[in-house]
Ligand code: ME8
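A lone chain, given as structure tokens: the form predicted on its own.
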């Protein structure tokens, strides 16, 4: 594979960008970065579909010309791509495609002429002129059969689109038709390739739809009805209608039928493409588009890959009525871009629906990124700075020190190299299968393993003994070399954080051009001077941030009132695509997930007090327990045993303000009496503890109410 071409859908320019657009762009951007890392020349397309009756109506509503309306919305899309690092300047897309470009008109006209000359597999004309009368949904840009709309409740009322819940238009006019009904067998043969439509569940849906019988497709409207579009070649009384025009962008953008883009990009060079789409526009991409290409005699796409939709944390569909939308302006203001990218790819099992809420995003950021990858990077590099004069130490252990190092919990170099190599191979395998969530699980298993090695080896103790310098160096080298591998592997997902890891390690090559397949253990050179150590992902104050988000959301909603008309509110994105990009939040989640309610009297029985950790230490032969003393405002500090030793260093707790259950009955563990309990959240599948603390200074002994 010398070149690679990946696309998002081109989004309908009648409403502003939202989470669905962002998600598909992140997925496509991640794939493009991965291919570029491998040295593959890659072309990445996104953009907007700017023709049709919806644009005309939105323009009239806002006293604009159709072109001005399209330009207005495109401006928002481009601002969004810049804000989230998806534009060309940040290493993202190669073209922001617009169907109002003159070169697109040239290209789509050439496709029309080819299809107009073509015969179907049954020997009939692929295009013919006829008369259409029926119900049309402007939002879907599609005519509706009886099973695709809700019949009116009162006589004289038009039926309602089941997808957008908008009234349908009665259309009765001359139209060009594409003879889709003749392509059923050819399409079913295409679907025999397991790679053509993915995942399998979506392929089965498409096969069932085609096997159920196809109807011919209206692909034009009279110019007098819809003037905003590309004229039909040889018949200016007709305008090409949306899907024939829009879908063809994927080939006109790289030079099909036009000299401008052919010289600039090259159709033969990059086609076929990998199309990333939401499952709710799969039919258009997996049925109509391949059929158009068959008729035009053009090679089929590499694959059509459909992802799921975002719902809110309780599993409900997103809607303004429920108040459970995710606003991109809010995301951009309160969260690092890499955290958003990581959450989207980790949280949604690709092909299935995923749950998105601001609180979920905060939890993932704090647990996986701040306390996980970020903590591993910070603690490793800080100790190299402190114990090794800021230079990468040697990783080798002599035979005479090997047994002592093993007892200290230091993994054998060959063993850790094998583990890392296997995890890397699994990461790549899952990544190539679009199983991004599984790939990231593999990477975070490495984070947990090395974090555990550091905790067991206790380099802060090794540093106190000059005889343990080699063991100390070995621990820190293994951690630093693992960070280098993680930076390369995670670059497509978190490009900014990956570059930061690389730079802090003192490396000067471009991590975006290092193929993870070529990583070799030991290539991190001894003696390299590390750079300034900075936190990759500062922890987010959940309570404070959620309060600020609630305030911000109302402001954002007011600012967008101009474009979000009642119709586009229900459409979201491209016709039928709001599901792949509908917004989500937790505003109305209510008491979802609460197991059992208690009254205030029950709560009053628990005495929660503010405590300050005075001392903290490990207990011999107890890997999970820390012994801490806590000042909760009493004459004598309390002694508490906490099962957090695998996640917190003792010295990191001293001076921290925590929450203590002060009236818990004392109990004995490992010969020590525990006189209370600290509070911590349980995060992730492993139940990692995250200690509850305070954003503001509070006196020791203050009671929580």
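All values derive from a computational prediction rather than experimental measurement. Residue numbers count along the first chain shown, from 1.
We do not show the form predicted together with the ligand, though everything after this point is about it.
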Query - Heavy atom contact within 4.5 Å of the ligand in the predicted complex, the stretch among 123 to 131, 90 to 98, 270 to 278, 147 to 155 - result: 270 to 278
Report summary line: Answer key: of 243, 485, 343, 228, within 4.5 Å of the ligand in the predicted complex (heavy atoms) is 243
Query - Contact assignment for the ligand in the predicted complex, among 290, 257, 393, 308, heavy atom within 4.5 Å - result: 308
Query raised in the report: Looking in the predicted complex, any heavy atom of residue 250 within 4.5 Å of the ligand?
Result: yes
Query raised in the report: Taking heavy atoms only, is residue 502 within 4.5 angstroms of the ligand in the predicted complex?
Result: no
Query raised in the report: At the 4.5 Å heavy atom threshold, is residue 29 in contact with the ligand in the predicted complex?
Result: no
**Report entry** Contact test in the predicted complex: residue 203 vs the ligand, heavy atoms, 4.5 Å
**Finding:** no
Query raised in the report: Any chance all of 364, 379 and 647 sit within 4.5 Å of the ligand in the predicted complex, going by non-hydrogen atoms?
Result: no
Query - Residues in 24 to 58 close to the ligand in the predicted complex, defined by a heavy atom within 4.5 Å, in order - result: 24, 49
